[in-house]
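Here's a solo chain for you in structure tokens, the form predicted alone.
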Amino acid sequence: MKFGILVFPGSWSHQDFSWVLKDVLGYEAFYIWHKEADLKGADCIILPGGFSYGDYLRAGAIARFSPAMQAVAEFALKGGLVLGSCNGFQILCEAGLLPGALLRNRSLQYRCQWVHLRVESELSPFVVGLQGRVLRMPISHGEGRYYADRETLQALHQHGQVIFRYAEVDGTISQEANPNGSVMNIAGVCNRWGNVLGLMPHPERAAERILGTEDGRLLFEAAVQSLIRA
């Protein structure tokens, strides 16, 4: 299993992903610079968190035009697995690979804290076998408020594309558990086919026992098993 990790000017979670994928889980992982159009035979592409291109204009608005993202779009159309976390989620939405948009947090403040996520659907290979589970991961963002219009939300729920919702530790969906004001507590969605997944929390920062939880590694392991079965 080979993971390609995109790196843009301003990325900062790429090293965390590399550490977890290579040193913790033992998979092959390598960086792909934003100017490269060659994905180097990766089985799964990771878009990490950070501030790509300084988040000028809007978070992810410039990164979507990079040669690497053009290659990712073609890769995704062919069914390739793509995971975007935090800024990576923002980029995927800006690129049109995922529906909706990420807006400023309702508080207008940066939020860095632990959250709980209820897995709503198994449409994505990254969460096969996890539906109904409550996972614990950290967030770290200022523009994480997911928004979509009514028709888009209806389609997302109809097709099982809402993958994660912010929840209490027991799985209850509440406004108190929503750290940024996301519509319907949505923390992550996938495309219609499930191969492209975006979420605001950071699974790469929740993959070692020393950090308090290994829930994040479940996403990577599920994706690997899905490719093995395929």
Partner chain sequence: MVRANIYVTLKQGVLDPQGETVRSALESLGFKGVREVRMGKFLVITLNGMDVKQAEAQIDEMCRRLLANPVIEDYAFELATVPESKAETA
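Numbering follows the first chain given and starts at 1. As the structure is a computational prediction, the values presented were derived from the model and not from experiment.
As for the form predicted together with its partner chain, it is not shown, yet the points below apply to it.
Please identify the residue among Trp193, Phe30, Trp33, Phe65 with any heavy atom within 4.5 Å of its partner chain in the predicted complex. Only one listed residue qualifies here, and that residue is Phe65.
So which of Ala177, Ala61, Val183, Leu39 gets a non-hydrogen atom within 4.5 Å of its partner chain in the predicted complex?
By the 4.5 Å criterion, the partner-contacting residue is Ala61.
One stretch from 201-209, 50-58, 165-173, 22-30 that, in the predicted complex, holds residues within 4.5 Å of its partner chain by heavy atom
Of the options given, it is 50-58.
When you measure heavy atoms, are Leu103, Leu108 and Arg145 every one within 4.5 angstroms of its partner chain in the predicted complex? Yes, because Leu103, Leu108 and Arg145 each have a heavy atom that approaches its partner chain to within 4.5 Å in the predicted complex.
### Message
Considering non-hydrogen atoms and a 4.5 Å limit, does its partner chain approach Glu120 in the predicted complex?
### Response
No.
Which residues from 78-99 come close to its partner chain in the predicted complex, meaning a heavy atom within 4.5 Å? Residue within 4.5 Å: Glu94, and no other.
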